[in-house]
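Presented below, as structure tokens, is a lone chain in the form predicted alone.
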Amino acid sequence: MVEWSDKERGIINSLFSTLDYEDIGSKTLSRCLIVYPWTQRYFANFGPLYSAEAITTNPNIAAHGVKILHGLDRAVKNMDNIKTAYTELSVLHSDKLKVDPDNFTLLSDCLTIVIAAKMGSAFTPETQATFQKFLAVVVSALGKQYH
């Protein structure tokens, strides 16, 4: 079980309350698909993904990026029990979608980069450490079914 200080909870809640989900979600998933092209195999039904431009202008990718960020809301609202909150999604990604669990880490790294670029100097070392702790718990929860 992860313990969260009041300061960490405040950082996570503050960060998520200011995110532009449509912008950040689209950029995050696009970055992941471009930088790690093997992840595209999970999105074959989203239309052409043959170039960076095709990916960044694909409305299905943008919409799914937003969906991913809204999925993180579940963790924000259940910080004391993230693993249980993600049980259903872990089963879905493992059993039905057959997603490689390492892709959750790749996506969380992309999300960190996109948010850091957006926030600039406001993305302090303390904010980064707290955010990466949060994402590590989410990634672990999503990969729980694989263990």
Partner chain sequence: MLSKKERALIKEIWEKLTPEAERIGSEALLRMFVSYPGSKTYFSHLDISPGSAHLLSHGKKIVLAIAEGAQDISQLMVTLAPLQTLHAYQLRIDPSNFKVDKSVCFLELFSHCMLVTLAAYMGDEFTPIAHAAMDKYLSAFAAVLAEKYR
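Numbering follows the first chain given and starts at 1. Owing to the predicted nature of the structure, the values given are computational and were not obtained by experimental measurement.
Here the subject shifts to the form predicted together with the partner chain, a form of this protein not shown in this document.
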Quiz item: Based on heavy atom distances of at most 4.5 Å to the partner chain in the predicted complex, which listed stretch, 76-84, 60-68, 39-47, 117-125, is the contact stretch?
Solution: 117-125
Quiz item: Counting only non-hydrogen atoms and a 4.5 angstroms cut-off, does Ala54 reach the partner chain in the predicted complex?
Solution: no
Quiz item: Is Thr112 a contact residue for the partner chain in the predicted complex, using a 4.5 Å heavy atom cut-off?
Solution: yes
Exercise. Give a yes/no on whether Gln132 approaches the partner chain to within 4.5 Å in the predicted complex, heavy atoms considered.
Key: yes
Quiz item: Does anything in 10-29 come within 4.5 Å of the partner chain in the predicted complex by heavy atoms, and if so which residues, in order?
Solution: Lys27
